[in-house]
Structure formats: structure tokens, C-alpha cells
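Single chain ahead, by itself, as C-alpha cells, in the form predicted on its own.
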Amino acid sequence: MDEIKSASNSLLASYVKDTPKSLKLIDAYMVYILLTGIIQFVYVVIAGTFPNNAFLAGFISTVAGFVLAANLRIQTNPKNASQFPTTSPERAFADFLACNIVVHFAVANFLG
């Protein structure tokens, strides 16, 4: 048990020290999106799926938001700069925003 505690403390210290603030912000957004999806799923399990389109639209929105944020994190990570030589962080963020707009139009259309 002490080894797990030591490893988690080491991981947290390394994350706080070595991760840029922009990536921490994206990580916080991803945690928020993940918690939103979990809350939606738990609500459907407890209350039922009566407004099925509403649940599906919301859940699709959270999953798509998480995936797009993960892509943004990968593209803006300085350690991955060699894999994306033509993509600047600003371009990656613009792609993230454009894809989010498309996803939310699809979600709004799915609601009816």
C-alpha cells in the first residue's frame, strides 16, 4: 500500500512540475466533460430513457467533446511537436473550435 501511495505522490509531483499550464487547463476540461458524461449516464440508469433523443444528444456531445479535447491535448503538447510539424497550437485550437461547432450543430439537429 505504501508503494502505491509513493507512486501516486511521485506521479502527482511530476505532473505539477513538468506539465505546462495550457495542458493542465485542457486536462481540467477533460475531467469536467468526463464527470458530465458519468452524471448523465447515472441519471439515465436511475430515471430511465424517456427523452431518449435528449440523452443520446447529451451523451454524444460529451463523448465528442472529450475526444476533441484529447486531440487538442495531443496536438498542443510540446513533446509531440515533432509529430505535428505543420500544426501550431493556435491552429490546433481553431480546429478544436470548428469541430466543436460542427458537433453541436449535429447534436442540436438530433434533438429535433
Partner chain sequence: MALVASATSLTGPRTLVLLDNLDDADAYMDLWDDLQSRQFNVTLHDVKTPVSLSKYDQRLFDHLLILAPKMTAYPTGMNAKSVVGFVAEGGNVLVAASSELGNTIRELSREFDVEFDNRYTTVYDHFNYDQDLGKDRHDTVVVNTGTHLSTVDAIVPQKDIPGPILFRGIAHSINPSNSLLTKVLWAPQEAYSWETQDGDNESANQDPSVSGKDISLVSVMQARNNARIAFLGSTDMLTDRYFSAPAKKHGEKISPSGNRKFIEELTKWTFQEKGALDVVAVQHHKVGEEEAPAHYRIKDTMTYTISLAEYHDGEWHPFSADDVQLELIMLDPYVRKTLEQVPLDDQSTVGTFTTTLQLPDQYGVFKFAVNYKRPGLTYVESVTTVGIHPFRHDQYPRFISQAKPYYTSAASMGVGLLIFSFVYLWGGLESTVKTTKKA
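Residue numbers count along the first chain shown, from 1. Source: prediction; values computed, not measured.
The form predicted in complex with its partner chain is left out here; the points below concern that form.
Asker: Given that its partner chain is not shown alongside this chain, does residue 93 nevertheless sit within 4.5 Å of it in the predicted bound form, heavy atom to heavy atom?
Answerer: Close contact exists here: in the predicted bound form, residue 93 approaches its partner chain to within 4.5 Å, heavy atoms only.
Asker: Would you classify residue 67 as touching its partner chain in the predicted bound form, given a 4.5 Å non-hydrogen atom cut-off?
Answerer: Outside the cut-off, so no.
Asker: How about residue 71: is it within 4.5 Å of its partner chain in the predicted bound form, going by heavy atoms?
Answerer: Residue 71: no contact with its partner chain in the predicted bound form.
Asker: Are any of the heavy atoms in residue 16 no more than 4.5 Å from a heavy atom of its partner chain in the predicted bound form?
Answerer: Residue 16 lies outside the contact set for its partner chain.
Asker: Heavy atom within 4.5 Å of its partner chain in the predicted bound form: which residues of 14-53 meet that condition, in order?
Answerer: Residues within 4.5 Å: 20, 21, 22, 25, 26, 29, 32, 33, 36, 40, 43, 44, 47, 48, 50, 51.
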